[in-house]
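Here you get one chain, nothing else, as structure tokens; it is the form predicted alone.
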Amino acid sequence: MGKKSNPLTRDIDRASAYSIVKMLQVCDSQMFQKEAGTIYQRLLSDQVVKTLMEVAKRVEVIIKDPQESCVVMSGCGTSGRLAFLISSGFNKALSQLNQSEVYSYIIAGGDRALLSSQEAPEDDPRLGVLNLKKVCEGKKRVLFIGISCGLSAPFVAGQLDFCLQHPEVYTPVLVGFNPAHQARDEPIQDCTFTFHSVVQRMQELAKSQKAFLINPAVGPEAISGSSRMKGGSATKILLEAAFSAAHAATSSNTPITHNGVLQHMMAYERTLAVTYSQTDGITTLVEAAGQSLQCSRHVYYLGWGSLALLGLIDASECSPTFGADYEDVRGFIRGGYRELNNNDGPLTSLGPKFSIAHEDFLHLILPCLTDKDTVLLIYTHSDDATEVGNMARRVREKTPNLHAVYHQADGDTAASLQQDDIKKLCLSTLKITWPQEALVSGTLQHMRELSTKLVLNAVSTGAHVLKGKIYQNHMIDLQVTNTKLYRRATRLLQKLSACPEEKCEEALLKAIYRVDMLTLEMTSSDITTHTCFARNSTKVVPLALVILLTGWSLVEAESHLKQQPIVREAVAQWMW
């Protein structure tokens, strides 16, 4: 799913902001396409809804009898961040009803990976197992949900394998978006299993409902290799639909039904329609953010409540996805780590990128803010309008480039009066109005979150496209910091240059080590050595691609890319 290129976005690197948003809309709507003679299940397929019902029933049992039981979600990167978001939201819902919290999350690389890219742990299945054992200590019943969009992360494969070895405690669920036969079949270091062999064992156990596989096709990502977008959205939709059904059944003492789960899923389909009915407003944000990044300035998300978490998540993904600096796009949350309520507590001591409170923004960022930076307020009608207004005024003193994404309920007049003051301070306001039935169904919170995710994904993706981080629809400025990314880089170079693998790897190594002639020591080192060295190199893949397409030396390629960072344009100039 992440690896295939989406024909709809082939020329996104040359598109206007408006066209970028329209392309993303069409891609996102592919998630809900009906089955039309396809062999793959889709998001709303009968089989998918049935499996979600079964998972929901397991969750219901755990909520009703939380002693020595828990639901654990685990993943790498975006998948782990969504595991955190979802577990924190549903635990809050339980504690408001004075019920025991039953959800836990695991993210490869620990809590620092919530806010910054930690690629190396993704390759370590033993670390995955250690994390799982720690979270489940003393538990007698665990529903384990491993999330790996491409059915490829060794970290998650190790955990699933461990669950399969201990069926008396663990029921494993795998969530991903590739067909089972496409699960990664490469050997995993020091392991007897591959991701593919784990999936095969799970398929066998799925027949007797001792394991569950949820892997609908959602269509290729808009930007190839970026499972943070549809992969992340679909993960959120599937798990929240199952958990919401379990919570509804528990509180109303009614059975979980096929229709109930399906209704939850359909609410997310409406979310797409409501969100993208604001294409013009989203385009304005993409243009503003794109202009900021193009002149080497920054984009800041200032959020309240769970919507702020989506800002933090979106910002943290820009670095590994686009090879961006952590300062390029940053998220801040009202209440900082108190509101985040993560396993490890405050991470501020780890460095400036872990300063995430509004106070941190006011102390560290505000003094240096210019009108070339873009600031985006993200809040709802139930947040404190006075507080939002105060923040807007502080920002407005430094820059007019202030925008808002605001969610309100239909017919809420009191809230819209307070809004007027804030609106006057903003250059643009993207107002998303939710129909009354969303309030009734209890899914409003989840719909607003998904809507915010779609908007922020469009803003950060669109801005990086406009900055020149994409070639056709491939992210080429990826950081080559682990085995998976090294192999992805080599495959990408092959695909885009049509050169043989050997030649592509040679160009990649030249760009990593910044040399025109590779030494024997370089060529005979293993991938881990290369990826360690690559951590300190920038623009590795763009440089390698330019070398392959033009035959330039490393110095020539570097100087051309400095003048014209959009690779397709740099190469086009050479062809003329």
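Residues carry their position along the shown sequence, with the first being 1. Here the structure is a predicted model, which is why all the values come from computation and not from measurement.
Beyond what is shown, the protein has a form predicted together with a small molecule; the following relates to that form.
Q. Would 77, 152 and 228 all count as contacting the small molecule in the predicted complex, using a 4.5 Å heavy atom cut-off?
A. Yes, the whole trio is in contact, each within 4.5 Å by some heavy atom.
(Q) At 4.5 Å between heavy atoms, only one of the stretches 489-497, 69-77, 304-312, 326-334 reaches the small molecule in the predicted complex; which one is it? (A) Of the stretches listed, the one contacting the partner is 69-77.
Q) 287, 449, 111, 119: which sits within 4.5 Å of the small molecule in the predicted complex by any heavy atom? A) Checking each option against the small molecule in the predicted complex, the one that comes within 4.5 Å is 119.
Q | Answer option from 467, 484, 358, 236, heavy atom within 4.5 Å of the small molecule in the predicted complex | A | Looking at 467, 484, 358, 236 one by one, just 484 meets the 4.5 Å heavy-atom criterion.
Q.
residue 457 versus the small molecule, in the predicted complex: is there a non-hydrogen atom within 4.5 Å?
A. Because no heavy atom of residue 457 falls inside 4.5 Å of the small molecule in the predicted complex, the answer is no.
Q) Does at least one non-hydrogen atom of residue 321 fall within 4.5 angstroms of the small molecule in the predicted complex? A) Heavy-atom contact with the small molecule at 4.5 Å: present for residue 321.
Q: Find out whether any non-hydrogen atom of residue 148 is located within 4.5 angstroms of the small molecule in the predicted complex, and reply yes or no.
A: Within the cut-off, so yes.
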